[in-house]
Ligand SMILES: Cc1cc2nc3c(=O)[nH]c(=O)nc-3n(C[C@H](O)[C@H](O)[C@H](O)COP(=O)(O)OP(=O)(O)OC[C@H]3O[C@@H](n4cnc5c(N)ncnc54)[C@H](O)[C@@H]3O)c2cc1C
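Shown next as C-alpha coordinates: one chain only, the form predicted on its own.
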Amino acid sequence: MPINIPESQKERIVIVGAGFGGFILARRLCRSQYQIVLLDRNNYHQFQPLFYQVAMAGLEPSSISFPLRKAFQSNKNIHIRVAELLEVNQEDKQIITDCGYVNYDHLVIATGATTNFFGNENLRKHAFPLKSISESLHLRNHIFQDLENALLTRDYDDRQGFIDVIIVGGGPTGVELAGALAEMKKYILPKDYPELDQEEVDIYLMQSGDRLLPGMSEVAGQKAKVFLEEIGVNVQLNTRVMDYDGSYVYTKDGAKIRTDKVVWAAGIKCPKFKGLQDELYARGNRLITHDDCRVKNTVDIYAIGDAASITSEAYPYGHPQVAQTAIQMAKHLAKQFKTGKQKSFKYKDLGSMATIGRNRAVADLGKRRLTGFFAWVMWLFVHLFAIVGVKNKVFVFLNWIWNYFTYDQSLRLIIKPYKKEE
(Lines give C-alpha, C1' and ligand atoms only; values in the text may rest on other atoms or scores of the structure.)
Protein backbone atom coordinates (compact mmCIF):
# COMPACT_ATOMS: atom_id res chain seq x y z
CA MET A 1 0.00 0.00 0.00
CA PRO A 2 1.41 3.45 -0.89
CA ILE A 3 2.03 5.99 1.84
CA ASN A 4 -0.41 8.85 1.43
CA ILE A 5 1.56 11.69 -0.16
CA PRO A 6 -0.03 14.28 -2.47
CA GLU A 7 0.79 13.83 -6.15
CA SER A 8 2.68 16.65 -7.83
CA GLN A 9 3.94 17.68 -11.26
CA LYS A 10 7.29 18.38 -9.63
CA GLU A 11 10.06 15.80 -9.48
CA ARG A 12 10.10 14.12 -6.08
CA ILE A 13 13.18 13.88 -3.89
CA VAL A 14 12.80 11.37 -1.07
CA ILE A 15 15.21 11.97 1.81
CA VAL A 16 15.56 9.09 4.26
CA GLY A 17 16.88 10.25 7.63
CA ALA A 18 16.50 13.56 9.47
CA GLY A 19 19.92 13.72 11.07
CA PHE A 20 22.37 16.49 10.28
CA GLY A 21 22.61 15.60 6.58
CA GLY A 22 18.96 14.89 5.85
CA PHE A 23 17.70 17.82 7.89
CA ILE A 24 20.02 20.37 6.27
CA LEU A 25 19.30 19.00 2.79
CA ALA A 26 15.54 19.27 3.36
CA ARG A 27 15.95 22.84 4.60
CA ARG A 28 17.97 23.81 1.54
CA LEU A 29 15.46 22.26 -0.89
CA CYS A 30 12.09 22.96 0.77
CA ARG A 31 11.55 26.02 -1.44
CA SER A 32 13.09 24.56 -4.58
CA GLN A 33 11.57 23.24 -7.81
CA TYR A 34 11.22 19.76 -6.27
CA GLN A 35 8.62 18.07 -4.10
CA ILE A 36 10.43 16.94 -0.94
CA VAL A 37 9.47 13.89 1.12
CA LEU A 38 11.38 13.54 4.40
CA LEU A 39 11.21 10.17 6.17
CA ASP A 40 12.52 9.34 9.63
CA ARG A 41 11.68 6.81 12.32
CA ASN A 42 11.20 9.76 14.73
CA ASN A 43 9.22 12.97 14.27
CA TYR A 44 12.13 15.10 15.44
CA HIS A 45 15.72 16.02 14.62
CA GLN A 46 18.16 15.18 17.42
CA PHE A 47 21.51 16.75 18.26
CA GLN A 48 23.75 13.72 18.64
CA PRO A 49 26.90 15.34 20.14
CA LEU A 50 25.01 16.08 23.38
CA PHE A 51 23.37 12.67 23.92
CA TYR A 52 25.82 12.01 26.74
CA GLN A 53 24.58 15.11 28.61
CA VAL A 54 21.02 13.79 28.50
CA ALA A 55 22.31 10.46 29.83
CA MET A 56 24.07 12.31 32.67
CA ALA A 57 20.96 14.39 33.51
CA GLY A 58 22.69 17.58 32.41
CA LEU A 59 20.10 18.41 29.76
CA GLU A 60 16.48 17.59 29.07
CA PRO A 61 15.83 15.58 25.87
CA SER A 62 13.66 18.39 24.51
CA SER A 63 16.63 20.77 24.66
CA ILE A 64 18.54 18.88 22.00
CA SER A 65 15.66 17.77 19.79
CA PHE A 66 13.50 19.75 17.41
CA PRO A 67 10.12 18.69 15.95
CA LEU A 68 10.36 18.22 12.20
CA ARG A 69 6.89 19.59 11.55
CA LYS A 70 7.69 22.76 13.47
CA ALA A 71 10.90 23.20 11.49
CA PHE A 72 9.01 23.04 8.19
CA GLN A 73 5.54 24.25 9.16
CA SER A 74 5.71 27.24 6.80
CA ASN A 75 6.80 25.11 3.83
CA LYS A 76 4.00 23.45 1.85
CA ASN A 77 6.44 21.77 -0.53
CA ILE A 78 7.74 19.26 2.01
CA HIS A 79 5.91 16.20 3.31
CA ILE A 80 7.10 14.53 6.52
CA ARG A 81 6.30 10.91 7.29
CA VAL A 82 7.36 8.81 10.28
CA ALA A 83 8.53 5.59 8.67
CA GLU A 84 11.56 3.31 8.49
CA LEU A 85 13.26 2.29 5.25
CA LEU A 86 13.31 -1.47 4.61
CA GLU A 87 13.96 -1.96 0.90
CA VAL A 88 14.95 -0.06 -2.24
CA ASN A 89 13.29 -1.12 -5.50
CA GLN A 90 15.67 0.39 -8.05
CA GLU A 91 13.78 -0.92 -11.08
CA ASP A 92 10.50 0.76 -10.15
CA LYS A 93 12.17 3.72 -8.40
CA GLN A 94 10.33 2.94 -5.22
CA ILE A 95 11.23 2.43 -1.56
CA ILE A 96 9.45 0.06 0.80
CA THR A 97 8.99 1.20 4.41
CA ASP A 98 7.33 -0.31 7.45
CA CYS A 99 4.30 1.87 6.63
CA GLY A 100 4.03 1.28 2.89
CA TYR A 101 5.86 2.25 -0.28
CA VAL A 102 6.91 5.62 -1.71
CA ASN A 103 7.80 6.42 -5.31
CA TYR A 104 10.80 8.63 -5.97
CA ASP A 105 12.51 10.47 -8.79
CA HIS A 106 15.62 10.99 -6.67
CA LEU A 107 16.46 9.12 -3.46
CA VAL A 108 18.87 10.41 -0.81
CA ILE A 109 19.99 7.99 1.89
CA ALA A 110 21.01 9.90 5.02
CA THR A 111 20.25 7.26 7.62
CA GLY A 112 23.37 7.82 9.71
CA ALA A 113 25.01 5.05 11.71
CA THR A 114 24.11 2.71 14.56
CA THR A 115 26.19 1.00 17.23
CA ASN A 116 28.53 -1.73 16.02
CA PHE A 117 28.90 -4.62 18.48
CA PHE A 118 31.11 -6.52 16.01
CA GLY A 119 28.90 -9.59 16.09
CA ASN A 120 29.09 -10.11 19.86
CA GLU A 121 25.57 -11.08 20.86
CA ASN A 122 26.21 -10.74 24.61
CA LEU A 123 27.42 -7.18 24.21
CA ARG A 124 24.44 -6.34 21.98
CA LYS A 125 22.09 -7.79 24.58
CA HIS A 126 23.60 -6.36 27.77
CA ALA A 127 25.65 -3.24 26.95
CA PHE A 128 24.21 0.27 26.66
CA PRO A 129 24.55 2.04 23.29
CA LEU A 130 24.35 5.82 23.05
CA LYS A 131 23.13 6.67 19.55
CA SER A 132 19.70 8.18 20.22
CA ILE A 133 17.75 10.19 22.75
CA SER A 134 15.78 7.11 23.81
CA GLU A 135 19.04 5.23 24.48
CA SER A 136 20.33 8.22 26.46
CA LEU A 137 17.21 8.21 28.65
CA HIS A 138 17.48 4.44 29.05
CA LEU A 139 21.03 4.82 30.36
CA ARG A 140 20.04 7.73 32.61
CA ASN A 141 17.26 5.66 34.20
CA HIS A 142 19.62 2.77 34.88
CA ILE A 143 22.34 4.94 36.38
CA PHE A 144 20.01 6.51 38.94
CA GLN A 145 17.98 3.37 39.59
CA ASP A 146 21.20 1.50 40.32
CA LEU A 147 22.28 4.20 42.75
CA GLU A 148 18.98 3.70 44.56
CA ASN A 149 19.54 -0.07 44.51
CA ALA A 150 23.04 0.41 45.91
CA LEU A 151 21.53 2.00 49.03
CA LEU A 152 19.45 -1.12 49.58
CA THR A 153 22.23 -3.70 49.48
CA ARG A 154 24.75 -4.61 52.14
CA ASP A 155 26.76 -6.95 49.94
CA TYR A 156 29.93 -5.23 48.69
CA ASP A 157 30.17 -7.14 45.42
CA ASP A 158 26.54 -6.46 44.50
CA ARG A 159 26.96 -2.82 45.44
CA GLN A 160 29.99 -2.52 43.16
CA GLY A 161 27.88 -3.89 40.34
CA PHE A 162 25.36 -1.12 40.88
CA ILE A 163 27.78 1.81 41.19
CA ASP A 164 30.73 0.95 38.92
CA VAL A 165 30.58 1.88 35.23
CA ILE A 166 32.72 0.70 32.33
CA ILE A 167 32.85 2.73 29.11
CA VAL A 168 34.29 0.94 26.10
CA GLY A 169 35.71 3.14 23.37
CA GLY A 170 38.12 6.06 23.61
CA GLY A 171 36.63 8.29 20.94
CA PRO A 172 34.85 11.60 21.70
CA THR A 173 31.69 9.90 23.02
CA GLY A 174 33.59 7.70 25.46
CA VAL A 175 35.89 10.49 26.62
CA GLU A 176 33.06 13.00 27.14
CA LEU A 177 30.84 10.49 28.92
CA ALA A 178 33.67 9.41 31.24
CA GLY A 179 34.34 13.05 32.13
CA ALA A 180 30.67 13.70 32.87
CA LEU A 181 30.43 10.58 35.05
CA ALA A 182 33.53 11.62 37.00
CA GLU A 183 32.01 15.03 37.67
CA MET A 184 28.77 13.43 38.82
CA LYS A 185 30.77 11.26 41.22
CA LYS A 186 32.61 14.31 42.59
CA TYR A 187 29.82 16.89 42.81
CA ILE A 188 26.47 15.08 42.84
CA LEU A 189 26.88 11.83 44.77
CA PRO A 190 28.04 13.49 48.02
CA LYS A 191 24.89 15.65 48.02
CA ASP A 192 22.26 13.22 46.70
CA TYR A 193 23.68 9.97 48.07
CA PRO A 194 25.74 10.83 51.20
CA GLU A 195 25.24 7.27 52.50
CA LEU A 196 27.26 5.88 49.60
CA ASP A 197 31.03 5.87 49.86
CA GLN A 198 32.18 7.97 46.93
CA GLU A 199 35.54 6.20 46.94
CA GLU A 200 33.84 2.90 46.10
CA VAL A 201 32.63 4.26 42.76
CA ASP A 202 34.93 3.24 39.92
CA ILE A 203 34.70 4.64 36.37
CA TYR A 204 36.67 2.76 33.73
CA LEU A 205 37.40 3.92 30.20
CA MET A 206 38.74 1.05 28.10
CA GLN A 207 40.34 1.62 24.72
CA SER A 208 41.67 -1.18 22.53
CA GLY A 209 44.26 1.13 20.92
CA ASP A 210 47.31 2.74 22.43
CA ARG A 211 45.78 6.21 22.88
CA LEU A 212 42.53 8.10 23.28
CA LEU A 213 40.82 10.13 20.55
CA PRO A 214 42.44 8.28 17.64
CA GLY A 215 40.74 10.61 15.15
CA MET A 216 42.49 13.61 16.66
CA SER A 217 46.10 14.61 17.20
CA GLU A 218 48.57 12.84 19.47
CA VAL A 219 48.59 15.95 21.69
CA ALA A 220 44.80 15.82 22.09
CA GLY A 221 44.83 12.11 22.95
CA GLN A 222 47.57 12.46 25.55
CA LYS A 223 46.03 15.54 27.15
CA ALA A 224 42.58 13.91 27.30
CA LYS A 225 44.12 10.99 29.21
CA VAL A 226 45.79 13.38 31.66
CA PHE A 227 42.53 15.31 32.19
CA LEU A 228 40.51 12.14 32.77
CA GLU A 229 42.99 10.70 35.24
CA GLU A 230 43.06 14.01 37.13
CA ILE A 231 39.31 13.70 37.79
CA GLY A 232 39.49 10.05 38.80
CA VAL A 233 38.76 8.02 35.66
CA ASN A 234 40.62 4.72 35.38
CA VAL A 235 41.88 4.89 31.78
CA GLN A 236 43.00 1.53 30.39
CA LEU A 237 44.69 1.60 26.99
CA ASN A 238 45.47 -1.48 24.87
CA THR A 239 42.57 -3.20 26.61
CA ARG A 240 40.14 -5.13 24.44
CA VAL A 241 36.78 -6.14 25.89
CA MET A 242 35.94 -9.64 24.71
CA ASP A 243 32.65 -10.37 26.44
CA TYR A 244 30.08 -9.13 28.93
CA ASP A 245 27.42 -11.32 30.55
CA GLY A 246 25.47 -8.55 32.28
CA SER A 247 27.44 -8.87 35.50
CA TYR A 248 31.10 -9.20 34.56
CA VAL A 249 33.29 -7.75 31.83
CA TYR A 250 35.97 -10.03 30.41
CA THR A 251 39.02 -8.52 28.71
CA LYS A 252 41.51 -10.11 26.34
CA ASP A 253 44.28 -10.06 28.96
CA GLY A 254 42.14 -12.18 31.32
CA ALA A 255 40.74 -9.49 33.63
CA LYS A 256 37.24 -9.93 35.06
CA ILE A 257 35.49 -6.82 36.38
CA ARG A 258 32.13 -6.61 38.14
CA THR A 259 29.62 -4.08 36.79
CA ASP A 260 25.97 -3.92 35.81
CA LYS A 261 26.58 -1.10 33.33
CA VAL A 262 28.78 -1.22 30.26
CA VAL A 263 28.42 1.70 27.84
CA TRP A 264 29.49 0.65 24.36
CA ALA A 265 31.06 3.49 22.37
CA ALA A 266 33.61 1.41 20.50
CA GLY A 267 32.31 1.43 16.98
CA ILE A 268 29.56 2.30 14.53
CA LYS A 269 28.12 0.80 11.38
CA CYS A 270 25.48 1.84 8.89
CA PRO A 271 22.28 -0.12 8.24
CA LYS A 272 22.02 -2.25 5.11
CA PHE A 273 18.90 -2.25 2.96
CA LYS A 274 17.37 -4.96 0.83
CA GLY A 275 17.59 -4.08 -2.84
CA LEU A 276 21.05 -2.53 -2.61
CA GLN A 277 23.57 -5.20 -3.58
CA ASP A 278 26.42 -6.18 -1.26
CA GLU A 279 29.02 -4.85 -3.69
CA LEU A 280 27.65 -1.33 -3.10
CA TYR A 281 28.80 -1.38 0.52
CA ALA A 282 32.24 -0.53 1.89
CA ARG A 283 33.67 -1.02 5.38
CA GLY A 284 31.13 -0.34 8.12
CA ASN A 285 28.28 -0.79 5.61
CA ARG A 286 28.88 2.66 4.12
CA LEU A 287 27.58 3.02 0.58
CA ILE A 288 30.31 3.39 -2.03
CA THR A 289 29.62 6.82 -3.44
CA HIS A 290 31.01 8.85 -6.34
CA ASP A 291 32.39 12.30 -5.57
CA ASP A 292 29.06 13.86 -6.62
CA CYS A 293 27.36 11.87 -3.78
CA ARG A 294 25.70 9.41 -6.21
CA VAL A 295 25.82 5.79 -5.08
CA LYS A 296 27.97 3.60 -7.32
CA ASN A 297 26.16 1.66 -10.09
CA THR A 298 22.79 3.26 -9.36
CA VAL A 299 20.56 5.81 -11.03
CA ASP A 300 19.22 8.77 -9.03
CA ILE A 301 20.26 7.31 -5.66
CA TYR A 302 22.54 9.41 -3.46
CA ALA A 303 24.10 8.97 -0.02
CA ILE A 304 25.38 11.62 2.38
CA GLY A 305 26.84 11.79 5.87
CA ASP A 306 27.79 8.63 7.75
CA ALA A 307 26.12 6.47 5.09
CA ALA A 308 28.40 7.70 2.27
CA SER A 309 31.91 6.49 1.51
CA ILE A 310 33.64 8.89 -0.89
CA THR A 311 37.27 7.83 -1.09
CA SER A 312 40.23 9.92 -2.16
CA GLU A 313 43.97 10.06 -1.61
CA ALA A 314 43.41 12.13 1.53
CA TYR A 315 40.53 9.91 2.75
CA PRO A 316 41.18 6.34 1.54
CA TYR A 317 38.44 4.94 3.80
CA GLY A 318 35.95 7.76 3.32
CA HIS A 319 35.45 11.02 5.15
CA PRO A 320 35.16 11.23 8.96
CA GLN A 321 31.75 10.16 10.22
CA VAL A 322 31.06 13.43 12.00
CA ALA A 323 28.41 16.13 11.82
CA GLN A 324 30.46 18.48 9.64
CA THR A 325 30.80 15.86 6.91
CA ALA A 326 27.04 15.36 6.77
CA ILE A 327 26.34 19.10 6.78
CA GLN A 328 28.84 19.84 4.03
CA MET A 329 27.61 16.95 1.87
CA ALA A 330 24.01 18.13 2.32
CA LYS A 331 24.87 21.66 1.20
CA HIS A 332 26.83 20.31 -1.76
CA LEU A 333 24.03 17.99 -2.90
CA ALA A 334 21.38 20.71 -2.45
CA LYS A 335 23.36 22.97 -4.77
CA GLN A 336 23.59 20.16 -7.33
CA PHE A 337 19.85 19.62 -7.29
CA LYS A 338 19.14 23.32 -7.63
CA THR A 339 21.56 23.95 -10.48
CA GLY A 340 21.37 20.56 -12.18
CA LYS A 341 25.17 20.50 -12.42
CA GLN A 342 27.19 17.61 -11.02
CA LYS A 343 30.29 18.69 -9.08
CA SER A 344 32.90 16.91 -7.02
CA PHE A 345 32.45 17.16 -3.26
CA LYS A 346 35.38 18.75 -1.45
CA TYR A 347 35.49 18.27 2.31
CA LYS A 348 36.80 21.15 4.40
CA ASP A 349 38.13 19.99 7.75
CA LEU A 350 37.00 22.59 10.29
CA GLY A 351 38.74 20.83 13.16
CA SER A 352 37.83 18.44 15.95
CA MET A 353 37.22 18.91 19.65
CA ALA A 354 36.18 17.02 22.74
CA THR A 355 35.35 18.13 26.26
CA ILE A 356 36.49 16.36 29.41
CA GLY A 357 34.38 17.97 32.08
CA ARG A 358 34.44 21.44 33.54
CA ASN A 359 37.14 23.77 32.16
CA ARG A 360 38.82 20.88 30.33
CA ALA A 361 38.74 20.23 26.60
CA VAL A 362 40.99 19.51 23.64
CA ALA A 363 40.71 20.98 20.15
CA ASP A 364 42.52 20.48 16.86
CA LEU A 365 42.08 23.49 14.59
CA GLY A 366 44.24 22.94 11.56
CA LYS A 367 47.80 22.90 12.85
CA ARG A 368 46.82 24.53 16.15
CA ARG A 369 46.38 22.37 19.25
CA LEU A 370 44.33 23.88 22.07
CA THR A 371 43.77 22.37 25.50
CA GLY A 372 42.23 23.44 28.77
CA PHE A 373 39.85 26.29 29.52
CA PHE A 374 40.02 28.13 26.19
CA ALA A 375 39.34 24.92 24.24
CA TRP A 376 36.43 24.21 26.62
CA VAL A 377 34.86 27.63 25.97
CA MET A 378 35.23 27.08 22.23
CA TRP A 379 33.57 23.66 22.55
CA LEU A 380 30.61 25.24 24.39
CA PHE A 381 29.98 27.92 21.79
CA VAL A 382 30.50 25.69 18.75
CA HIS A 383 27.94 23.20 20.05
CA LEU A 384 25.56 25.86 21.30
CA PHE A 385 25.28 27.57 17.92
CA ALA A 386 24.90 24.25 16.11
CA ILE A 387 21.73 23.34 18.03
CA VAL A 388 18.52 23.82 16.06
CA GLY A 389 16.02 26.36 17.44
CA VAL A 390 16.48 29.61 19.35
CA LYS A 391 14.55 28.30 22.35
CA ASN A 392 16.72 25.20 22.52
CA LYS A 393 19.87 27.34 22.38
CA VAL A 394 18.59 29.49 25.26
CA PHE A 395 17.57 26.48 27.39
CA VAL A 396 20.89 24.71 26.86
CA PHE A 397 22.86 27.89 27.62
CA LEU A 398 20.88 28.52 30.82
CA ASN A 399 21.34 24.89 31.90
CA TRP A 400 25.09 25.13 31.35
CA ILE A 401 25.34 28.43 33.25
CA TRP A 402 23.29 27.07 36.15
CA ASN A 403 25.29 23.84 36.31
CA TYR A 404 28.59 25.68 36.15
CA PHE A 405 27.91 27.96 39.10
CA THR A 406 25.83 25.61 41.26
CA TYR A 407 27.60 22.32 40.52
CA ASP A 408 24.13 20.81 40.31
CA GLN A 409 21.24 19.90 38.04
CA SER A 410 17.58 19.25 38.76
CA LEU A 411 17.02 16.61 36.07
CA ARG A 412 17.93 13.44 37.94
CA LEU A 413 14.60 11.75 37.38
CA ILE A 414 13.93 8.05 36.92
CA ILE A 415 11.19 8.02 34.30
CA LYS A 416 9.90 4.49 33.87
CA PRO A 417 7.77 3.31 30.95
CA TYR A 418 4.08 3.07 31.75
CA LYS A 419 2.82 -0.43 32.46
CA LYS A 420 -0.89 -1.08 32.52
CA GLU A 421 -2.05 -2.99 35.56
CA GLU A 422 -3.37 -6.47 34.86
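The structure displayed is predicted, hence computed values, not measured ones. Residue numbers run from 1 along the displayed sequence.
Keep in mind that the form predicted in complex with this ligand is missing from the display, and what follows is about it.
Colleague: Which residue, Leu85, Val295, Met206, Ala182, has a heavy atom that falls within 4.5 Å of this ligand in the predicted bound form?
Modeller: Selected residue: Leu85.
Colleague: So which of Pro49, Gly357, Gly389, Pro61 gets a non-hydrogen atom within 4.5 Å of this ligand in the predicted bound form?
Modeller: It is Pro49 that has a heavy atom within 4.5 Å of the partner.
Colleague: Pick from 119-127, 317-325, 198-206, 232-240: which stretch has a heavy atom within 4.5 Å of this ligand in the predicted bound form?
Modeller: Going by heavy atoms within 4.5 Å, the stretch is 317-325.
Colleague: Does this ligand come within 4.5 Å of any heavy atom of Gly170 in the predicted bound form?
Modeller: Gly170: no, not in contact with this ligand in the predicted bound form.
Colleague: Just to confirm, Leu280 within 4.5 Å of this ligand in the predicted bound form by heavy atoms?
Modeller: No, no contact at 4.5 Å.
Colleague: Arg27 near this ligand in the predicted bound form, any heavy atom under 4.5 Å?
Modeller: The answer is no: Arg27 has no heavy atom within 4.5 Å of this ligand.
Colleague: Give a yes or no for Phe273: in the predicted bound form, does one of its heavy atoms lie within 4.5 Å of a heavy atom belonging to this ligand?
Modeller: Residue-level check for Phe273: yes, a contact with this ligand.
Colleague: Need the contact residues for 96-114: heavy atom within 4.5 Å of this ligand in the predicted bound form, sequence order, or none if there are none.
Modeller: The stretch 96-114, when checked against this ligand in the predicted bound form, contributes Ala110, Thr111, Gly112, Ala113 at the 4.5 Å heavy-atom cut-off.
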